[in-house]
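First comes one chain, alone, set out as structure tokens in the form predicted on its own.
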């Protein structure tokens, strides 16, 4: 498999400089607690400020509130936000994958209803894919929607639904057709109100004490026909397209970036050792390689391609890299991760240590991603 070479143009580099200047002014170092990648805190006000600058819904058409910019432009903005540890949680899912998916598969009514509000930073979305006995094997989902007058009754359980307790909507992958030998057949996507009657959100405490993960139980939740996303029975192809937005971006290799940056600030004495030079050199080389692959995926999206296989490969390699970075930092400095530690490094190390096991699970386990890649390579 070949990834096309990808470098930033001068216009894209100018956008990068603009975002860096904005962050230095809006969120000066030391004035806020930075988050780790896309798991950063939620801040509606900050999301609204990004929207005012045209940095949400960047690739969405102007007529729907977007800016008609490229996936690469969004890559540039996202990379800088994540690198800075900015509070992107409120808008992240809606901006990254829900808006492009609705723009591609939604009806005109759906586009008019949801896209402008997403681009203004007003609506937040969660992801309704994983299930208790399906996990990353999305073809095994059992949540079912049954046809009724005017819409569908949706029943089932979704799990690991990050942010469902504070989000407005989620896009649910469910079964609408009869079971066949082809597990990919009969799947559809519905846009579901997270405050609908019959829907219950139950918190799942994480090791760090955070309660961002949720189980969402749907008991005959009515979903009107106008909230069917795309074609009935077309859910698998649509979901695969959505995963290309989810798996190949900078959030898959920047989760532990701040850990290294803060190590270099707080422990300069470590940097002079031969071992540190080797370890940091290997990390930087890997980081640049992954960045170029990820940028290439964004270029493919701009070329109207569907780089699901390439995104799966980037995600598999990148999330292992994020975990390796944590291990390298732990090797270089003898420091206990402390939840309420005096230093920022201690606190970031605490968050990274407890959340790192999830990196190779969220968005698809390594085993599933390797399977996607292996099957996809045979078709390329």
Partner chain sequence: MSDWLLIDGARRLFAETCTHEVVQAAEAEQWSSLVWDAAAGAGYASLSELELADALAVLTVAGEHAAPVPLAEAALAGWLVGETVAGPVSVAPGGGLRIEGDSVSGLARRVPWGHAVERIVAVVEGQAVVLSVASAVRVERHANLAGEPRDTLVFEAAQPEEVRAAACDLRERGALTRVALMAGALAAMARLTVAYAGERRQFGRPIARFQAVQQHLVCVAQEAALVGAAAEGVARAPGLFEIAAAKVLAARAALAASRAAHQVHGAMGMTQEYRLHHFSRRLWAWREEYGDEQHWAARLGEALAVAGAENLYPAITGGSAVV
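Numbering follows the first chain given and starts at 1. Source: prediction; values computed, not measured.
Omitted here: the form predicted together with the partner chain. The next part is about that form.
Residue 183 near the partner chain in the predicted complex, any heavy atom under 4.5 Å?
No, residue 183 stays farther than 4.5 Å from the partner chain in the predicted complex.
Although the partner isn't part of this model, could you tell me whether residue 289 comes within 4.5 Å of the partner chain in the predicted complex, counting any heavy atom of the residue?
Yes, contact at 4.5 Å.
Can you work out whether residue 260 and the partner chain are in contact in the predicted complex, taking contact to mean some heavy atom pair no more than 4.5 Å apart?
Yes - in the predicted complex, heavy atoms of residue 260 and the partner chain come within 4.5 Å of each other.
Using the partner position in the predicted complex, report whether residue 322 sits within 4.5 Å of the partner chain, counting heavy atoms only.
Contact with the partner chain, no.
Only one of 80-88, 145-153, 210-218, 230-238 gets a heavy atom within 4.5 Å of the partner chain in the predicted complex; which is it?
The contacting stretch here is 80-88.
By the heavy atom within 4.5 Å rule, which residue out of 192, 102, 254, 72 makes contact with the partner chain in the predicted complex?
Selected option: 254.
Of the residues 204, 271, 139, 303, which one places a heavy atom within 4.5 Å of the partner chain in the predicted complex?
Contact check passes for 271.
Thinking of 39, 48 and 65 as one candidate spot, does the partner chain come within 4.5 Å of a heavy atom in every one of them in the predicted complex?
Per the other structure, none of 39, 48 and 65 touch the partner chain.
Given a 4.5 Å distance limit between heavy atoms, list every residue of 249-285 close to the partner chain in the predicted complex, or none if there are none.
If the 4.5 Å heavy-atom criterion is applied to the partner chain in the predicted complex, 249-285 yields 253, 254, 257, 260, 261, 264, 265, 271, 274, 277, 278, 280, 281, 282, 284, 285.
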